[in-house]
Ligand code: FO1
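Let's start with one chain on its own, the form predicted on its own, as C-alpha cells.
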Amino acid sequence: MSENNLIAISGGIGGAKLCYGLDQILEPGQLRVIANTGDDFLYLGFYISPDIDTLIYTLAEVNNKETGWGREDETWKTHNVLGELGADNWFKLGDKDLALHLHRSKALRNGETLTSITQDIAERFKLKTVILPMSDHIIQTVVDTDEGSMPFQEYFVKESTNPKVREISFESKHPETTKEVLEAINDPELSGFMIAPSNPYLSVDPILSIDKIKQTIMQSNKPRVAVSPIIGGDSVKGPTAKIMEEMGLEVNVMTIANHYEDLIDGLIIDNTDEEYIQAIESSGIKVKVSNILMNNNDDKTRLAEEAIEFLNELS
C-alpha cells in the first residue's frame, strides 16, 4: 500500500471506523482526513469539536467502544457536579474529554487556529494520520424542524433527533477552508479521494458546502469513491434514514448515488443492495459490492483494503 496517498472526507462515528481501517494499512502521513466541523459549538464556555475528537480518539484507540464517541474508562464527576450546581448540562462531557476541551479552548483564546491545535493534539496522541478541520472558522449546521430551527447539537443531543427535519443549512460569516486543506487536495502525489460512510446530509454536506473544497475536488483528475452509509434500506447507526424519510427521500443506496452523482466515480454498497447495481451504473457511477458493515477492527481493515483496491481500479 506504499504508493497510496489518500484524502478521506469524514464525520464522526461511522466515518471514523473506515478511517481507522485506512490508518492501519497506510504508512504515516499517507492518509489525510478532512473532518466535519459543522457540529462544533460553544458549550459552558468551551469550544467543542465532536467529529474531530471522535476521529482522534478512534485512531488513537482510546475511544469508548460502546457509544462510539468519547473516551474509554471515562469518569463523570465534573458533569455530575455541574448538574448539582444547576448548570444546563444536557451535553454530556466526561472528565478526560473535558481536559481536551479546556486545552483547545485556551489555545483558541491565545490566537491559535483550529488546524494548528488539531495537529498538536494529534501528535500528542501519536497519530500517524493527519486530521484537517474543514475550516478554521465557525460553519454551523442548522436543522430546520417542525419545532423550529436549531443548531445541530441541540437537535442531535438535547432533542435526541425527535423533531422532524424539513431542511438542513450551513451558516457562516467566513465559509472558507484552509490552505492546509487546499494543499492536500492539490497534492500531485495524491492517489484519490474517499468519502467515508458518514451521514451525507449532516456530516459530509457541511464540508462540501465550502465551495472551494467541492470545486477543487471536482476539478481534480484523481478518482473519487464513496462508501454508502445505507445498508438494506436503513442506516447502521444515527439518524440518516430518519432524516432521509422526513425530507421525502427514498432510503436506499440509489438515493446516496444520486446525492453524490456529480462528485464520485465509484460507490461501494453492501451485498444486500445488489439489486441497485444496474441503476447506479447507468448513472455513470461504478459499483463495488462488499460487506460494508464494520462490527470489529478486522472488518474496518478489510473494507479499507477493498476501498483502496477499488480506487486504484478507477484511476
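Being a predicted model, the structure only gives us computed values, none of them experimental. So that there is no doubt, residue numbering starts at 1 and follows the sequence shown.
Form predicted together with the ligand: not shown, discussed below.
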Next on the checklist: Can you work out whether Thr141 and the ligand are in contact in the model of the complex, taking contact to mean some heavy atom pair no more than 4.5 Å apart?
Outcome noted: no
Next on the checklist: Given that the ligand is not shown alongside this chain, does Val157 nevertheless sit within 4.5 Å of it in the model of the complex, heavy atom to heavy atom?
Outcome noted: yes
Next on the checklist: Considering non-hydrogen atoms and a 4.5 Å limit, does the ligand approach Ile13 in the model of the complex?
Outcome noted: yes
Item to check | Partner proximity in the model of the complex: Phe152 to the ligand, non-hydrogen atom cutoff 4.5 Å | outcome: yes
Item to check | Listed range touching the ligand, judged in the model of the complex by heavy atoms within 4.5 Å, from 252-260, 46-54, 24-32, 284-292 | outcome: 46-54
Item to check | Of Lys179, Lys92, Arg166, Arg124, the one that lies within 4.5 Å of the ligand in the model of the complex (heavy atoms) | outcome: Lys92
